[in-house]
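One chain is shown next in structure tokens, namely the form predicted alone.
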Amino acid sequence: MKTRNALSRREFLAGSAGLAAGMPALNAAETQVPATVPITASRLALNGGPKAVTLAPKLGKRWGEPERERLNGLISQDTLFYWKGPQTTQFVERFKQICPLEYVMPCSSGTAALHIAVLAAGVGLGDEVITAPITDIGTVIGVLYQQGIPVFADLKSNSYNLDPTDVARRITPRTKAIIAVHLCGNPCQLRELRALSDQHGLVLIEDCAQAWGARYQGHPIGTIGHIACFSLQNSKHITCGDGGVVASSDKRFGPVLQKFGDKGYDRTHGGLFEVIAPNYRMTEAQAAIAGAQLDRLENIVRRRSELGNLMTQKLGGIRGIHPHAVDERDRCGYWFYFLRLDPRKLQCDRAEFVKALVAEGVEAGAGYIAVPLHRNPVFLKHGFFSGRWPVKEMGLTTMDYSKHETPEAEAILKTGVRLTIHEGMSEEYVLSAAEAVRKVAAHYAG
């Protein structure tokens, strides 16, 4: 697999690897951007020098007349219930055009989508599910509620996604599924993960919460694994405030998604309860907004992809900076842009670097989540259910999260710098933000 700016952990920490720009060139229309005056040698804005970034990009309105039109139609309906509701039906049809999966269950959140997927996969008492340690806790809540055991595998150094080699090392006879988290909208190595799943009889679940509109080697994200899960939470590319989607074309899992999100009701065939499940139904009002948002998706993701790729081009070759690695065959949706600092090549800590970047006018922050999931107190204490963990008390697992090691994930969170990328930004802003990174890195060069 050809990956832009990929490094091994050893190479990254030793500072011995070179950077390869490797990004495809934008077309002529996309490269007609205002020229910028290099200011690398200027005094830092933090120390009274001129700012590298003078623009103030705004995201703009995220909803308007298309959403209003659907909400107006909603008022005239005689039902607001999801099952066969006009808005939900339209949303599902539109979703299938974007992500061509046969069975689609709209639900109340991305967390709900993942819980439904885990239920459909048959995860139960003592089953292990391998996933990424850098993700929202919603990725594993469903696993824990099913009395399963999250097993955190380590990540690739600059894509920040699951390392298939480490995943393979963590597979045991108890492993039931793999949840591949497409962090920042950057596709995981799905072929390798699917091959591992098929080899060991596992279920591959794609956590696409941050990856709306991403593509893996030409395929819509969500279509390589057995089950796909999306989030419509307010911070995502498209949103209805809160909401989610779980979908599959696999005949083993697709037909049960609806009832596992609807208290066990089988709305298609009826009959008595054969399972119990949570109530994770989406409302017609959520579906109305989400349906309109789907019409905006392609423009949003295409623009973010262009801007993120431009950022990588301009960050290439800067001493002490390792850009976000995206496979050249994929489309990353850049929920945000995540670069890494090489502390061996910079005479400052990350906090000082980010402070200097912000002073230059860059929308930046230190890291992403504070610590890998299993370093949170609830994991260290194994206190998931009123301070207890029945699976461990029953002797069905020897998992001790205080001793669980994912060194690359730890290093990513300690050296990562988050840059905002959104569709309201211009190429000029990205160029000036990249110049700001270059300026700050030059100032602190070791």
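All figures in this text were calculated on a predicted structure; none of them were measured in a lab. Numbers follow the displayed sequence, beginning with 1.
In what follows, reference is made to the form predicted together with a small molecule, a form of this protein that is not presented.
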property	result
Options 128-136, 189-197, 304-312, 93-101; stretch whose heavy atom lies within 4.5 Å of the small molecule in the predicted complex	128-136
Exercise: Thr175 in contact with the small molecule in the predicted complex, heavy atom 4.5 Å	no
Close approach of Val181 to the small molecule in the predicted complex, 4.5 Å, heavy atom	yes
is_contact(Leu114, the small molecule) in the predicted complex, heavy atom dist at most 4.5 Å	yes
Contact of Gln210 with the small molecule in the predicted complex (heavy atom, 4.5 Å)	yes
The unique member of Arg340, Lys236, His374, Lys259 whose heavy atoms fall within 4.5 Å of the small molecule in the predicted complex	Lys236
One residue of Gln147, Ser109, Thr89, Thr223 in contact with the small molecule, assessed in the predicted complex (non-hydrogen atom, 4.5 angstroms)	Ser109
